[in-house]
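Shown next as structure tokens: one chain only, the form predicted alone.
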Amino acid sequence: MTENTFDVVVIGAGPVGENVADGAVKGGLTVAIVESELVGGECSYWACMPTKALLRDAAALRAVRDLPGANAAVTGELDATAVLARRDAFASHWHDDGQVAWLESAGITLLRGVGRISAARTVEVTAADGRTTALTARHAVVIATGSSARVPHVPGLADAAPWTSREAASAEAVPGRLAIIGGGVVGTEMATAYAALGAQVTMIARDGLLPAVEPFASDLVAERLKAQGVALHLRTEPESVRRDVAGTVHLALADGTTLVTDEVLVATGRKPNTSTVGLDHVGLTPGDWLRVDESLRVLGSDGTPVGDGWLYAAGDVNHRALLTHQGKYQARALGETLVARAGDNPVDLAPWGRHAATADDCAVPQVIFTDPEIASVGHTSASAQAAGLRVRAVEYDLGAVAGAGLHADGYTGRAGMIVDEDRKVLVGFTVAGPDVAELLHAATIAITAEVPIDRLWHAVPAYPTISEVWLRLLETYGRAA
């Protein structure tokens, strides 16, 4: 067994692990990073990048068809082969040479294999050929192994070789018929993509479509999916699944419906990739989500840091916010934390605003790239009330904004904001409509900075842009006072 010693050992070389390692190296620490699959992780090859590439052509075509002059230039439908080829390019054809080269240029040591904690500050790496390497961390071990698709226990489902988000993101061809189990972000985005690419799509969503967003936003998506020919089976679920010898999939639903499809995509949530990282050696349960403090130290069942505080977890595994940009945000904070705690005068950084992952509590931005897009940050009306806040919610028809009418004929959308009435600050914002993703960061800044509503009146939106909806929301809020 080969042995090596580094200041920090990171298990997982996805975007989160890479950013932790980069921050630590820039601060003068030595870092080894362990990866069992492709360097760059889920986002680069099976999630953010390839899925948004699948969706982009359809969004561009929709934008063209909403303008009569431009629509006159459209002479055909989407070229599915070309869309898949562009998707492949964004996934680097599932090769990580570029990411590996970046690690080398950054001074980060890569070990390929499965990383497993075997003792305090020790990670044992087992390569594909069975060889093992023991890594010792002088200061910290970071678990950044992400999450993977959770397949529910439905009779016959596992044996039917279902797609998960990975197969949906990397499929070599568009199936004639696609059934999707789950109505969350992955389910609705892939329904949007594959319907546009020509598949006959059916969705089975026990909890409805996008139940975590504002109802006005999910309603707009449902209407558009139905207009695209997507069949929606809501408030029901599969009771059994069977793939026959010809490859056809049969689903029996709880409401008595029987569906026949070519492929079935399971999009029912995520599970943490912690079953093989050696949690049992630190008194934790393999396969569990990891609880962390604001400096991302892993906590034991008693709420105190594991061991003497050498173990950290960033990204999906800590279950704070399962989004790539939030994981990278955590990673940047953690990189600085590790450097500071490894210094000559280590300090407790939890109270330090820049080093604590506070945005995970109050200002998580997200874009759902459906048609229409949904962009949101902070609370919904329901979550704010559940949190015990005294709030007022106001909404406005986005299509009535001058900039939206210029953007597309028949523009349909809606925006809403949630105001904390005790502090008079914005705590939530949601907008649904074509091409609204770039509106989101203004709301994220307003919520994170706790800008008083009275001050937001002086943030003048340019005319004629869709951002004028901010003025209309403030006017609506003022009239309701």
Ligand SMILES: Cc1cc2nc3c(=O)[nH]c(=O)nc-3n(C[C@H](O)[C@H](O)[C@H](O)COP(=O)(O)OP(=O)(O)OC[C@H]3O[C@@H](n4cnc5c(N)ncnc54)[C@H](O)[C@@H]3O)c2cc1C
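Position 1 is the first residue in the sequence shown; the rest follow in order. In this text the structure is predicted, and so the values were computed from the model without any measurement.
Keep in mind the form predicted together with this ligand is missing from the figure; the text below concerns it.
When this ligand is considered in the predicted complex, only one residue from E37, E421, E450, E438 comes within 4.5 Å through any heavy atom, namely E37. Comment: this ligand is not present in this chain, but in the predicted complex one of G115, P372, P238, G182 has a heavy atom within 4.5 Å of it, namely G115. Within this chain, T188 is remote from the site of this ligand in the predicted complex, having no heavy atom within 4.5 Å. Using a 4.5 angstroms limit between non-hydrogen atoms, R414 is distant from this ligand in the predicted complex. This ligand in the predicted complex comes within 4.5 Å of a heavy atom belonging to T51. In the predicted complex, L157 stays away from this ligand, with no heavy atom inside 4.5 Å. The candidate stretches are 82-90, 281-289, 380-388, 320-328, and the one lying within 4.5 Å of this ligand in the predicted complex by heavy atoms is 320-328. Of all the residues from 8-29, those having a non-hydrogen atom no more than 4.5 Å from this ligand in the predicted complex are I11, G12, A13, G14, P15, V16, G17.
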